[in-house]
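This document contains two forms of one protein chain, each encoded as structure tokens and listed individually as structure 1 and structure 2.
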Structure 1
């Protein structure tokens, strides 16, 4: 543990965030941090980057207002710098959102590490590279973490946080607390898995969708409608595991696995399923019990129903709800 890998600053004293890379994701981070009242410095090598970034922030501002601006939050607190070094020189947290190219990420993180004050955590928005593979060229790899957001970062709460082999575990814990303080919803992973969690799940869905388009089995429009009119309504409320537990009726996940377990052998997707052996069966059932946190199946059904109705109403899909 060196003095460059452990953040010394208290969360409430963090006021200055640097965003490096200001495309869709980096710009979304800029909007998020501005909305939460931070001073943001941003840098992006593209010639039209500043104009694009300011357009993105302007477009996001009505959403940020509805989400609730922090005291003092203002788009005027954004400074676009002409060099990477200027952007991070006084930063207390750095979020890197460069294109997904491993060589580029490696080199950029090494440059950021060299230019950022010691004791400041540097997070990468990478969609899937393990930090272990990206931190190779940095002098202080201990402060480099993955903080993987979802588009748009100012609106979708989730950030997946994970370190690499050479990351200081304290940097991972600090980053998780910082993101929570900055209004994000954090999942901290204890190991590096390509694509993390949510991207693995949506990538499986996306690949199956591409197979269906490639095979002429469904149109893009049908695929989108099949989600927004179907499982997507449930997934805003309750994840896929508890959702499926409710397909088991009063018997919950155990009954669902007894009933639909054989479907894992069906060609319902191009993805081969794992063997549903006793260990996996038990892990899923007890995992659902744990996730239910004492709520009974009837509680969960009532919660889902209230939630889906709220979503249907909020999105104008109930009769007479358009005016609400």
Structure 2
């Protein structure tokens, strides 16, 4: 197998997508692709994978209906196969979503490369590993790219696309166009960076939150409310950079940097990871239980989905939902 025909299929001819790994992320991808009208084959080694996957798709379908189903979209277009090879045999695009273990990723991507028809792009949902580190065992590494989604993939539009050192640049460009055609909002990264873009920003916030819980400076409920009732409202409209530019008034970012630049050296944040000892572990788990206030995980998923859809609709990011 060679990379001479990467990618081999025109975007308008894509009908069949394979999803390998059917956990929370992989299952979310399955739901997304089904909602966009594709035929989906899925494989996961867990013995109860099919039952779990179909429950996830059923739970996601009301949100997909609100987002707007593509013509022909149906949960009946899902086939769960007994082998990886069967799942990718006729695939025109492959999305891998295995657990975050580098050895497993290398082995699985090599298997997918060997089993997938020539010229078909294979994407990994990895949330942290560079493709350069994962494509080492593949015979045809040129078609391997990262397509990093956000949970749940059927609801959150963003996907970050980047190749590795041995990836064909055309595979990256093709994948970005495919994801856009499949309803995603795409960032095509110029170079690899561990954790990509959004996860690095999330990680900074997450670490500081853990420090505050560990130090008794804030509860889990306080931390979540500080975002949902504060900067999170602004970030749904524009990101932190333009938000800070507005803090400079008519002078924009230049005035903001002149005014607040010296405070960058103030010890406000502690970006080193705190020690996740039992006390911190228990505090975070108990704090989340308290913040849930009796709501089950299923309740919270439904609440999150309704809320995100409302934000997308209010900001004009759903088809036909122009913001008013």
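Residue numbers count along the first chain shown, from 1. This is a predicted model, so every value here is computed, not measured. Under this definition, the rigid core comprises the largest set of C-alpha atoms superposing within 1.5 Å between the forms.
Working note: structure 1 is the copy from the form predicted together with another copy of the chain; the remaining copy is not.
When the chain is split into two rigid parts between structure 1 and structure 2, residue 300 and residue 237 fall in separate parts, each C-alpha being assigned to the part whose superposition fits it better. 179 degrees is the angle through which the smaller rigid part turns against the larger between structure 1 and structure 2, based on C-alpha superpositions. The two forms line up on their rigid core, and residue 271 then has its Cα shifted by 3.3 Å between structure 1 and structure 2.
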